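Next up: a single chain in structure tokens, the form predicted alone.
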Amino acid sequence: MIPTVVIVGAGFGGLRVARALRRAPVQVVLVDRNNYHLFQPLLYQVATAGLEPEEIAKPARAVLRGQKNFDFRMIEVTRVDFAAKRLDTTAGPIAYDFLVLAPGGETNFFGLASLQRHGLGLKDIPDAITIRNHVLTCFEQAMLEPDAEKRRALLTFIVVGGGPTGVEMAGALSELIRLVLVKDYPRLNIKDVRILLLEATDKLLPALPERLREAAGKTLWRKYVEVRFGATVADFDGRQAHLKSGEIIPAQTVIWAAGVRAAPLTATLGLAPARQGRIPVEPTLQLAGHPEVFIIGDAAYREQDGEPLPMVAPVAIQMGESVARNIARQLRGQPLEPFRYHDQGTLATIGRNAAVAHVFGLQLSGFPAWVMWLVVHIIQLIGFRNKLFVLLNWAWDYFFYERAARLITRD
């Protein structure tokens, strides 16, 4: 009987496990509530009208087409019965011999109900489309608003979180407005537009060296993004953002890029979570007491050199490769290898000709870092069609200062 490996989640980690097991003597079953793999690092470009969703996503079946031991099911997992080695799903139970949990993460609003209700997260395609629709609608409403204060509130955009997502989002939003929308709405005063990047700590991009953090901050200022440190949002009612300091900022847009937590599935497992709802795992990424169960990506909590591993795609990819090797070793009766993350660096773009990169010990900023960012992301995109269309869109935007996807769509 061929063992069945069930993988929950078609993100970076889950997909890597499925691909790496293509020659293993197992049946691979990949399940996800969506039928596609999403390239999340470029999601903010969908939110800022630079790319269309289908350019950064690809159907999971198409990605693994031709892999003989592969099957995909678009279902949602509701419960895991570890004792019976069975998943309960929206389409009935699925038995497994090996289970890889890679459900990913979700936006962490840190218990702030008003922000969860009125703020805009950015974790999936519907989130990005919602942000794009909202930003463009704010400009349409501002064109019709006679009251100057209400118009300024419509044109005030707050991005919360000074990590890579927040920095890239603020930079892209500034370029969308100042290079493209300024031409679409010539009657609006560009001086009424404000973009604020609020960071609760005293630094942007904490994973980068100080020189690169400073370069990122200066670039954002040049792009008319107001960077505020020590600024914590306490409340947002859809009309005003209240900071912990007592300051009130009239704004109708708060984009929340301040945190991530493990996907809701981890809360249903009956296991004691660590920080951010993540599940502690053994050095081999196995679940303690269940050697046939592996947890990877944002859902897994593992410390290395005294620090928790970051919730980023490279960690999930390397975990996926490690788990595939360990499943193969288990089948052969060999001892398993402990996982060790090899950090290859950090990249963040702040817009046209501007990025920061700390890769393989090199510290780059400006145009060289931007070119490196472009090349790395094009290489990592799945599918030749996606690579080609993204490259064409970027070239069009670069030479003609035009964003093609400025559509307000309705569900």
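Please read these numbers as outputs of a predicted model, since none were measured by experiment. In case it trips you up, residue 1 is the first one in the sequence shown, and so on.
There is also a form predicted together with another copy of the chain; it is not shown, and the following applies to it.
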Q | Region of this chain that lies against another copy of the chain in the model of the complex, out of 198-206, 98-106, 225-233, 135-143 [heavy atom, 4.5 Å] | A | 135-143
(Q) If the cut-off is 4.5 angstroms on heavy atoms, which of these, 40, 27, 365, 346, is the one near another copy of the chain in the model of the complex? (A) 27
Q) Using a 4.5 Å heavy atom cut-off, are 161, 275 and 282 all in contact with another copy of the chain in the model of the complex? A) no
Q) At the 4.5 Å heavy atom threshold, is residue 57 in contact with another copy of the chain in the model of the complex? A) yes
Q.
I'd like to know if residue 153 sits close to another copy of the chain in the model of the complex, meaning any non-hydrogen atom pair within 4.5 angstroms.
A. no
Q) Is residue 378 close enough to another copy of the chain in the model of the complex to count, meaning some heavy atom within 4.5 Å? A) no
Q) Is residue 269 close enough to another copy of the chain in the model of the complex to count, meaning some heavy atom within 4.5 Å? A) no
Q | Residues of 40-78 having any heavy atom within 4.5 Å of another copy of the chain in the model of the complex, listed in sequence order | A | 52, 53, 54, 57, 58, 59, 61, 62, 65, 68, 70, 71, 72, 73, 74, 75
